[in-house]
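Starting off, we have a lone chain in the form predicted alone, written out as structure tokens.
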């Protein structure tokens, strides 16, 4: 008999070890991420696709804005130049710009050589006799202005002033001021630098490497400039920087909380068990559940998000409950009868199994969510809890040594029983608390939920402030509003962008917009370039010029270079993207015109007035877009899209949670076969949930989708308490009560710690489940029938 038991024990342990090995193998090949885009939709709408592109692979996501401050302005500029010089030779960066005239000569040469293809002023009217006369007259008058020194040498080749028009167009947006030969903030407090990384914004490792290269370049520059630069500081911001900082924050918080939570729970278990053997055995379900949870998510989604791991650490709090129930309750059974394991399985396992099934039904609702983050959490929870329960039910009883004993907790159980028997006295006061909580929820119903996606962002307020400051210094356009044109061919997309731009320009002149960007400004469509070439006279250009100078203080013979340039421009091939290489215009085009799969996209970011866009302005923009007649053009408000996306997730999760609640009710009805008993089991859970929501509302917290998950966890954890207090069997014993209290303490320790996390999503779960687990136990004990507590 004993030999057979030993064989079963070793066989079960070997099977468990094999499972752990398989899980470890899968986990070593698992991809872990901390990118919030992993929580974005898999089947986005066209507007949401624009948002995804910007977050993951768009050129905007590859930009790093840098500020150098803390020293004097000359030192800032010197450090900026030294950094830029080093980074321009680094393959991790596509471009590095700090205002230095690195590309100025190439840019000017390119613009001047292609001015008749790039300038929107090139029209048939401008090159008529009257048009030429007017343009020549304007240029001659400009010779007397401060710009005359620049214009005079160009007059023989550009008497119509096309290069001046191009410079005005290119410099129409906000630009940083120059100070000591480099970009600087308007108050001169910091030098500015803008870099485009080769790694995509979603490539967090690549972004981290780029940031490290920047830091090394800065450190080297500081070292080179000695004491004068000792107080200088480096600040970086941008979507990629945020991704790296978020990952570091999540990793740090998950590690810190896991260690502290584990130490607290281990200490509690040692306090109860007084046995390292019991401690080691009690952690088997936890380890097994965590490993299987990670493997399930990895195989189901292809990657595991850091927040899922963070959430997984809290699984310790619930999974360890099962072994506590086994050890404490089986000791009671062993004291009463022979065959502890068999009796525990007969007398207590059905109640724990029902609690596990209740949790599974609740979390199953998350699996249906189109929000990948929620589906990950649902799968992790179900796989982890099922594994922990199965290990407790089938492995742990076999692994218990002969004469396994833990500390006798009868004395503590008797004292707890005395308290629990008085708990029903609190029934009506607690009922009043629950009703008051309902009133609070109704009063706060309009502000109860936070419908902004940014509420989930792990980026700190300080980092967001740095981002806002550097963007303002850089004069970066407001990327909240934009028009996106898409199509199967670059030429068609550029033509559509030009049609939209023609309708937007009047809004700029009316002050509705302060400006807008367009890739066609730097690379006009082939059709537009050919139209401009057609505007240039062919054979009679010299005759028109001779007539145009009539009455002006110049001779036509001076403009022979002009005639040659016009003839060359008319005959040359239209510009292609490759012609812009090695100029600053290439970055501008690449950031506004890009290909995704088989489709081309052109972005036209809109700059709003300082007061933002009013509803009338948005209506005017939509009207202009309709007038452009481009069905492939979308007006996108990125903030509204992100908020709408999150709001949809929240609404969906709410409905699925209600569906999960209905499933729990059906499950309890099938198991307990008594509506009254089901009501008694659910009442304390409902009271705990509404009380926690009211506390959060009164403390100024607005609920997010993670609070909703926390409420589900209250139901999952609290269902065990409620089922024990409302069970049909014998009255709850002091030992069982002890196991419930210690299980509650471990749960509160695991989840409550999350309430101190600096990551909002983890904090939301902690501040919800921590107090919720305590309240669920208190409400369950208070709403229980007095005779359900054993003892005198």
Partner chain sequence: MNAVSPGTIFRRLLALLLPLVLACAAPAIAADWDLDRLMQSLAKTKEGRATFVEKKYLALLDRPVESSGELLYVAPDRLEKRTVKPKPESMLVEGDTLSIERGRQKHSVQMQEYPELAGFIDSIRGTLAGDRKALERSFRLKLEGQAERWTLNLWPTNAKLATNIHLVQITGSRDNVRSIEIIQTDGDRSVMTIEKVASR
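Rigid core: the largest C-alpha set superposing within 1.5 Å between the two forms. Residue numbers count along the first chain shown, from 1. Keep in mind that this is a model prediction, so the values were computed, not measured.
Separately, the form predicted in complex with the partner chain exists; it is not shown, and the next lines address it.
This chain lacks the partner; the member of 145, 654, 215, 418 within 4.5 angstroms of the partner chain in the predicted complex by a non-hydrogen atom is 145. For the options 408, 72, 138, 491, the one in contact with the partner chain in the predicted complex, meaning a heavy atom within 4.5 Å, is 138.
When the partner chain is considered in the predicted complex, residue 156 lines it closely, a heavy atom lying within 4.5 Å. Remark: residue 360 does not count among the residues lining the partner chain in the predicted complex, judged by a heavy atom distance of 4.5 Å or less.
Although the partner is absent here, residue 168 sits close enough that one of its heavy atoms falls within 4.5 Å of the partner chain in the predicted complex. At least one heavy atom of residue 177 is located within 4.5 Å of the partner chain in the predicted complex. This chain is displayed without the partner chain, yet in the predicted complex the stretch 178-186 from 482-490, 82-90, 243-251, 178-186 comes within 4.5 Å of it by heavy atoms. Taking a 4.5 Å heavy atom cutoff to the partner chain in the predicted complex, the contacting residues in 545-571 are 551, 552, 553, 554, 555, 558. In this overlay on the rigid core, residue 552 has a C-alpha that sits 2 Å or more away from its partner position between the shown form and the other one.
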